[in-house]
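As structure tokens, one chain now follows by itself in the form predicted alone.
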Amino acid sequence: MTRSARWIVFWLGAGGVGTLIVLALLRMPSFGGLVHPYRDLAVPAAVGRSSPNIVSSINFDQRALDTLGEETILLGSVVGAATLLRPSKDEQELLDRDEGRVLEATKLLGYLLLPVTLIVGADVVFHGHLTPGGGFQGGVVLATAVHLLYVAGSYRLLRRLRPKSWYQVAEAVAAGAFVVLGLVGLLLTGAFLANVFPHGVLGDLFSAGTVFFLNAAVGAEVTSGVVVLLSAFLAQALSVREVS
């Protein structure tokens, strides 16, 4: 594509986006008003489906299709970054010895905080429909917990306890599970991602219907995606060497 053609494509896209932004601003309701139809509809819908966390109810029930798009964007971003960072034909990945010196206090805190962070991350994911949090936030916490081994100074141990292939499979399975749950709703009610599971009792762990399961799927996908992404960056920084 020539330079002039690229500019044409850019300005067509920029013009379209700019037009939509202007139209959205012109039709935006005034600030500070007393009428909030979205709030008035979203809150009763969430409570009626036993999900006290209104944000999770919106993300994984009322607007679950948007969340599927966000999850797909994350999946595509991880795949693209991992593809770009993989060793080229002039490079190979070697497992070198751990380099550098880490303070003993840092090692101790890293090993002590690892199980604590795993528990906190799992709590954020599985209670995301009840309390602030959810699959996206908890997934990042879980992925961070795994990499506390690297902070503690043991990249070799991190590689042994973090088989990248496992996380690649888990990421794909979790993303697929979200779609499968959506298809279940489509088959049973004719609406994709409809909340078809029993809603349970407000405040119970297994409640809110599909919100709980979609939240867990996103937590697994985000955890796996962040681990795969960080593994690619760490491999390039620490293990990849040019073939002499």
Partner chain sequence: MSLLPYLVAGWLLLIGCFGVVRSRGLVHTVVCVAVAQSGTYVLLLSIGFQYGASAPVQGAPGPVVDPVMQALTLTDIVVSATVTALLLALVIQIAKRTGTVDPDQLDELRG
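Numbering follows the first chain given and starts at 1. Rigid core (definition): largest C-alpha set, two forms, superposition within 1.5 Å. None of these values were measured; they are calculated from a predicted model.
Heads up, the form predicted together with the partner chain isn't pictured, but that's what we're talking about next.
In the predicted bound form, at least one heavy atom of residue 131 sits within 4.5 Å of a heavy atom of the partner chain.
Among residues of the shown chain, residue 53 is one whose heavy atoms approach the partner chain to within 4.5 Å in the predicted bound form. The partner chain is not shown here, but in the predicted bound form it comes within 4.5 Å of a heavy atom of residue 81. Heavy atoms of residue 12 never reach within 4.5 Å of the partner chain in the predicted bound form, leaving it off the interface. Contacts with the partner chain in the predicted bound form, taken as any heavy atom within 4.5 Å, map within 32-54 to 32, 33, 34, 36, 38, 39, 42, 43, 52, 53, 54. In the core-superposed comparison between this form and the one not shown, the C-alpha atom of residue 36 has shifted by at least 2 angstroms. A displacement of 2 angstroms or greater separates the C-alpha positions of residue 11 between this form and the one not shown, with the rigid core held in common. Here residue 65 does not count as shifted, since its C-alpha moves by less than 2 Å between this form and the one not shown after the core is aligned. Annotation for the pair residue 64/residue 16: C-alpha atoms recede from each other in the predicted bound form, by 3 Å or more compared with this form.
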